[in-house]
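Single chain ahead, written as structure tokens, the form predicted alone.
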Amino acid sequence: MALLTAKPSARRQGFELAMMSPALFLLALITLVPFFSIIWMSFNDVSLMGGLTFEFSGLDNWQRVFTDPDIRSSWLISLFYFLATVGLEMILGTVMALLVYSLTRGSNIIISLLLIPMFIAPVIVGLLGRFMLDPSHGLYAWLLNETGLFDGNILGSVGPAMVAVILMDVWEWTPLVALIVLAGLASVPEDILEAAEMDGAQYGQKLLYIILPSISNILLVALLIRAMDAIRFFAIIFITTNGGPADSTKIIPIRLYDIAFRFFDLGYAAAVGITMLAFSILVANAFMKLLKRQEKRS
């Protein structure tokens, strides 16, 4: 009987594999072929003069990746940008979610208004930011000038330019963190909160010992989503400062764009892109390990 039942199962698996093979082949074609092509490019000097040509250069491009001071500078700027944006978004998003969660009326309207920035394309956010910070007719530039906080060109100054692009990213993506955290807050057991309140627990105590531990996995998921997006952030900085002034906002994706499409050093750009991919994988694996640890504790 076991043999009789095993044959139809094997036939069914073979049929399913045959039906899936065209899609699997297409998926491999559009993912694996470009991936291995980029790896091959990283070991070559790629030229577009007279057509696409490859000249094997060994580890020269990889040596440049680890010795180029401009690449090191861009990674440091990216790290600062990463910590600033993701940190602010996690803090502000969690606070926003807690405030909305505590509302008894009008929460749906507030959520709808808070989510508006998230649905605006990053390119549009960059254009709006550049317009609002324009020193000649920008509203924010005028307000800063009138209040005496800053009277220069915000996007043309080294420090303020970085602050501006960080705040643009925070404004756009904090609502996403708030939405994820708000979904996690819905799973916090109400009976435990009521019992703690009856025992005389203050809001801060309930927050530290009940609410935050209950949504710790959700916070890690929100952190992972925003971290993966912040690593490859490009649009707002490209539209507003294009990495300037004096390369002060030139994070690694902007540097990669310049190498590939301004200087057409495609082999070197391929090596830089692979290092970005490796860094993203390491960050994702670190977060996945944290999630697994949290699940074991709970």
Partner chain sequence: MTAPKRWLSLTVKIVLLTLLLLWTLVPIVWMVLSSFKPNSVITANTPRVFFTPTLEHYASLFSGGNSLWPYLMNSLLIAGVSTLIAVVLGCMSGFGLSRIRIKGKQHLAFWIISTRMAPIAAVIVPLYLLFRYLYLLDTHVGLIVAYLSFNLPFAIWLMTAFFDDLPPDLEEAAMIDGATKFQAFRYVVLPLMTPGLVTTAILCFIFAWNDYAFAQTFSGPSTQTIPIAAAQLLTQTGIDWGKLLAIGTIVVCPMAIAGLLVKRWLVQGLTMGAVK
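Numbering follows the first chain given and starts at 1. These numbers come from a predicted model, not from an experiment. Between two forms, the rigid core is defined as the largest C-alpha subset superposing within 1.5 Å.
The following text describes the form predicted together with its partner chain, which does not appear among the structures shown.
- Each of Phe15, Leu114 and Glu197 is positioned with at least one heavy atom within 4.5 Å of its partner chain in the predicted complex.
- At the 4.5 Å threshold, heavy atoms of Pro245 stay clear of its partner chain in the predicted complex, well away from it.
- None of the heavy atoms of Tyr209 is located within 4.5 Å of its partner chain in the predicted complex.
- Using a 4.5 angstroms limit between non-hydrogen atoms, Val65 is distant from its partner chain in the predicted complex.
- Shown alone here, Met118 lies within 4.5 Å of its partner chain in the predicted complex, counting heavy atoms only.
- Among Leu127, Leu144, Ala84, Met90, the residue placing a heavy atom within 4.5 Å of its partner chain in the predicted complex is Leu127.
- Residues Leu139, Tyr140, Trp142 are the members of 139-161 with a non-hydrogen atom no more than 4.5 angstroms from its partner chain in the predicted complex.
- Relative to the superposed rigid core, the position of the CA of Ala286 differs between the shown form and the other one by 2 Å or more.
- Remark: with the core as the superposition reference, the CA shift of Leu277 between the shown form and the other one stays below 2 Å.
- In the predicted complex, the separation between the C-alpha atoms of Leu291 and Pro213 grows by 3 Å or more relative to the displayed form.
- Compared with the form shown, the Asp258-Met49 C-alpha separation decreases in the predicted complex, the change being 3 Å or greater.
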